[in-house]
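Encoded as C-alpha cells, the following chain is the form predicted on its own, with no partner shown.
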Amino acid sequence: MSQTRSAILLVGGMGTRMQPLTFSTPKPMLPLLGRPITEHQIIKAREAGITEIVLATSYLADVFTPYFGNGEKFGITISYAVEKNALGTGGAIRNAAKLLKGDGPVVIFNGDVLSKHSLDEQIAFHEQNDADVTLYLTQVKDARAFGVVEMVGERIETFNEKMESPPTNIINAGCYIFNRSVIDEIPEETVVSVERETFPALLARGAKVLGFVDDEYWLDIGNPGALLAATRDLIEATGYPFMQGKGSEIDPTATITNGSFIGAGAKIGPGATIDQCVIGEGAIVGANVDLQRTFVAAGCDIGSNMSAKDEFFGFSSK
C-alpha cells in the first residue's frame, strides 16, 4: 500500500428503533457475540489494511473511549470526533475528517451494518476506476426502507432515499469511499445528509460516483429483531447451535437453540429453554424458564418457571 488507508465510522445515532436496549448504551456499542458491533467493524477495517479510523460520536459519546482507547490493542489507530449537536451523516464525515492523518481516499462505515463484502476489493475498485465516490451496493427483496440507486454500467445515475415505489432493488449498503476533495466540499459545522444532499448534488454536477455491487451477506442491524438475527447468523456460520462466553454455566438439562448467545459468567438453570435469545453477562436464568426471542440484560436475575417471548428483561426505561 502506497499511502495510509483511513476510515471514518459513523456511530453518533441515538438508535431509537433499538429501545429499550439503547437507553443507556449507544446502538453501535450493543454486544454482538459478546463484543460491541463497533468492534466487529473496526476489525473488518483493520483486515482491509486500514491503519487509522475516526469514530464520529454524538449520543453517549463517552462510552466509546474507555473501551477502545487509542486503538493499540486492536492494531489500529483510533481517534474520536465528538459532535455536541448531531450534524447528520455528511456533517459528521466533514467533522471527523479533520482528525485523519492520511490525505488519500477515506472509507466511511455506517455504524449499524454487518457485512461480509470484500472491503479490500471495494477500495481497489475505487482506485482503479479513479472514482470520486464509490458506494457499496447490494440487492434486497424489498428496497422501500433503503436508499436505492439506478445505474448505467458501474456508474450511478440516480440516488433515491427511502421511497414507496423504488425503481430498482439495488440499495445503498452503508459503506462508501470518498476522495478527500469530496469531503472538503461538505460545509463545516452544518447539518448535512450525505444521502439526501451530498449524493444527489454530486450526481447533478456529473461527479464520478460508482457502484461496487456485492451480494455477500449483509444486514442492517436497525432493530432488536435484526440484532437477534445477526447473532443467530454469525453463530450458524460456525456450525454450532449456540455460543457461550467465558465462565458461563449451562445446566445439562437446559435446551439452548436457534443461535442463542449466553454471555460470560451467565448461569442457565435446569430445565430451562432458551430459543434465539441474548443472555447478558452474569445474568441468571432460573429453573424451567422458557424464553423465546428475548434479551436479558447483564446481571439480571430471571426467577424460576417464567415464560416470555419477544421481551426485554433488566433494561432501564425512560
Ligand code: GTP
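Bear in mind that the values here come from a model prediction, so they are computed numbers and not experimental data. Note that residue numbering begins at 1 and tracks the sequence as displayed.
One more form of this protein, predicted together with the ligand, exists but is not displayed; see below.
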{"property": "Met163, heavy atom within 4.5 angstroms of the ligand in the predicted complex", "result": "no"}
{"property": "Residue contact check: Gly211 to the ligand in the predicted complex, 4.5 Å heavy atom", "result": "no"}
{"property": "Any non-hydrogen atom of Leu87 within 4.5 angstroms of the ligand in the predicted complex", "result": "yes"}
{"property": "4.5 Å heavy atom contact, Glu185 and the ligand in the predicted complex", "result": "no"}
{"property": "The unique member of Ala56, Val278, Val285, Ile53 whose heavy atoms fall within 4.5 Å of the ligand in the predicted complex", "result": "Ala56"}
{"property": "Contact residue in the predicted complex, from Asp132, Glu127, Glu83, Glu154 (heavy atom within 4.5 Å of the ligand)", "result": "Glu83"}
{"property": "Segment that reaches the ligand in the predicted complex - one of 105-113, 119-127, 241-249, 67-75, heavy atoms within 4.5 Å", "result": "105-113"}
{"property": "Those residues of 126-140 which, in the predicted complex, come within 4.5 Å of the ligand by heavy atom", "result": "none"}
